[in-house]
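Next up, structure tokens for two forms of one chain, structure 1 and then structure 2.
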Structure 1
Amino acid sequence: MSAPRMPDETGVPDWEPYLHPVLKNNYGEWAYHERPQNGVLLHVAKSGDKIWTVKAGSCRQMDVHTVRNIAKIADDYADGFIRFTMRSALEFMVADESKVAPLIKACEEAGFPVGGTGPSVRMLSHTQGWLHCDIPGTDASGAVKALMDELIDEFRNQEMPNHVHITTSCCQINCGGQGDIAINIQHTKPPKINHDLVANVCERPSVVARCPVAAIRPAMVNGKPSLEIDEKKCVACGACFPPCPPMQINDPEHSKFAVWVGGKHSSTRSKPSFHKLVAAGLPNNAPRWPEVGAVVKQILQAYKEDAKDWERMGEWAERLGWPQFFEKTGLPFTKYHIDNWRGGRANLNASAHIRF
């Protein structure tokens, strides 16, 4: 028997062979950019070279036929190159302005909606969900498809005050990350433990250590070593479920959706900010999650009508004050919005500032 093939540990590949020639020739030497129309960027290099980018939506989880279609559009209309954005949008690039219109037409005809530039609702960033994750409370691709169907006009047009990043996550680990609007599973009941399996499947001390509120302790149940939960302490975060699958946290009824607002990674104008809870208790209503879509649209509408140009969602809420945020969006304010996690006092109004 021959020796197994050992991997070639090449790591990150060289990017140069995959760069559009105009990008390669002007690498690090760009002068400015403009947005000539919805879905199109024009970048001008110091050399005077120009490159037009046509941006289009994808479904992130793509079959080889779809990917080959992308390759074909790249060949027929876009100089043979393509790049993907952090949020799984497609970016075709052309060095000749006359190629822009045919490229847009080709994208639209192939079912890739052109948009997502400037102050628009960008492509939702998402996670794996029921399709591939081992701990999902919901699906990701389906939720994104359902929402983008509803928000496609806001993706195509640049009519928002600033860009809107929406994310979805299938559990509270929140792989989708911070967003202007984050749509995340929020469990509402403690895990249900299958005591027959814990001893064989789970490394009990690590599971105990994983709990953020020290609600898990080792216990003998029906004569078997297992774990028990202090249900009064449990915050239903689901952190114990990945290291111990017999602690089932997902529940078709009680795993709900929560909506968070105002997350921002960039240091542009204001410092980065975390998203804040604004709505919860929304049902996990596959395949189209209409209740979630309704809340998202409610928030987007209020933001679109009220925010100043360039104001991100969180900056708008900050300027407005949260009482007005709840007023303008029509969302209820509850005791659950009041932060009681460690450091949470920083989120209380320690001032005489009240708007009337």
Structure 2
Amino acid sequence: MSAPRMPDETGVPDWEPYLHPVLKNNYGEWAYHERPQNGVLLHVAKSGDKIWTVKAGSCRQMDVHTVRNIAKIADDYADGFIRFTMRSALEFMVADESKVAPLIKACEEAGFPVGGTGPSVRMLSHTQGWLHCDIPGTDASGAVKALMDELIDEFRNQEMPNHVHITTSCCQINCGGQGDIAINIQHTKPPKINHDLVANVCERPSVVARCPVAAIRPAMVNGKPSLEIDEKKCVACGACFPPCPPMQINDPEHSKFAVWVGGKHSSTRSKPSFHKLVAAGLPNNAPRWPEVGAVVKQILQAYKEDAKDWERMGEWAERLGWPQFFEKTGLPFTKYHIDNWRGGRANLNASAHIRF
């Protein structure tokens, strides 16, 4: 029996071999591009070469059957060329215009809706959720499925003032990133500690080191080595739960969804920005999260009706002013929207990781 092949520790593979020949031959030499229809991009090179890109939605977490389906569509209609965007959308590239319509039909029949170009709601991005992550308070991928079912018409049609990025995160660490609309879970109470299990399950120094605000310290409880939390310092982030499951922070009553607005990575027209809280305390109501969907649709409808062309969500809110934003969207302004916490600097400076 031969020895197993060892992995190649070479980092990210080189992208050039995977380029369509038309892209490779005209790299950096493009004359213009346009959108013949939603979900389709046409790039025209200075040489006169043309290439069409058909963009379709997908699930981020796929089984082998789904991957093979996508590969077969690429082989049959797109010369075998396919790429995944950072938001897990599919992009099939073809140099023959006659293949575009059959490719769109094949995508739709296979359950991959075509759309997400121009001023539309793009593919929703999400973090790992219950399937892969060790820290989630909810299933971000499930929330994306529920939301995309609600927003499929906005994905298929180019009727928004600008493109809309929606992100979901399964905890407050928010590896989903900034978005025009961002949805994440908020733990509102410190973890409950099962002191009988800590000594058997947790490596206590690792748990202490994991806390970003130095709110955890070793303790003896009922004669057993355990941990204790300074609840005045704790920001309920949940970072202690993965290295120590007896520090349970997920709670059906106190872990809630929150919706944030106005995040932006790009520097086009305005600077990159963090998103801002606009709704809090929404129930973690799996598997369809109807309350979250209702708030997102409320925000999108107001944005669609009131924003100027090419205004991103945060730019629209800043132009209106946030009091007007709450009036336009009909969202209630509550005490949770007032940033009155003054302990941030002292709390973070107590950490071994952060100083400012």
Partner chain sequence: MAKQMHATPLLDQLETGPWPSFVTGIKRLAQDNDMMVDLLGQLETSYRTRKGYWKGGTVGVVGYGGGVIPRFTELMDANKKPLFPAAAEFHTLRIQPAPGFHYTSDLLRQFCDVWEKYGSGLLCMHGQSGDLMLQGCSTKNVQPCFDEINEMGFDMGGAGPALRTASSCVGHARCEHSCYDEYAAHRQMINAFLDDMHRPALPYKWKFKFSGCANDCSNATQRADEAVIGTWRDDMKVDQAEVKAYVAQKGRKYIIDNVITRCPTNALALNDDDTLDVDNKNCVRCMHCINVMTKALSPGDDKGIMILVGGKRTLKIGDTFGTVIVPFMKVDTQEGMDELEEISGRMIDFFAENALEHERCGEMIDRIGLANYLEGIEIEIDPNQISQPRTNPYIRMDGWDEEVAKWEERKA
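Owing to the predicted nature of the structure, the values given are computational and were not obtained by experimental measurement. Along the sequence of structure 1, residues get numbers from 1 upward. If you superpose the two forms and keep the largest set of C-alpha atoms that fall within 1.5 Å, you have the rigid core.
Q: Structure 1 or 2, which would you say is the form predicted in complex with the partner chain?
A: That would be structure 1.
Q: Is Asp196 among the residues whose Cα moves by 2 Å or more between structures 1 and 2 after superposition of the rigid core?
A: The answer is yes; the displacement is at least 2 Å.
Q: So, does Ala214 move by 2 Å or more at the CA between structures 1 and 2, with the core held fixed?
A: Yes, shifts by 2 Å or more.
Q: How about Ile181 - superposed on the rigid core, does its CA move between structures 1 and 2 by 2 Å or more?
A: Ile181 C-alpha, core-superposed: shift of less than 2 Å.
Q: With both forms put on the same core, how far apart in Å are the CA positions of Met247 between structures 1 and 2?
A: Comparing between structures 1 and 2 after core fitting, Met247 shifts 2.5 Å at its C-alpha.
Q: What is the Cα shift of Pro205 between structures 1 and 2 once the core is superposed, in angstrom?
A: With the rigid core fitted, the alpha carbon of Pro205 is displaced 5.8 Å between structures 1 and 2.
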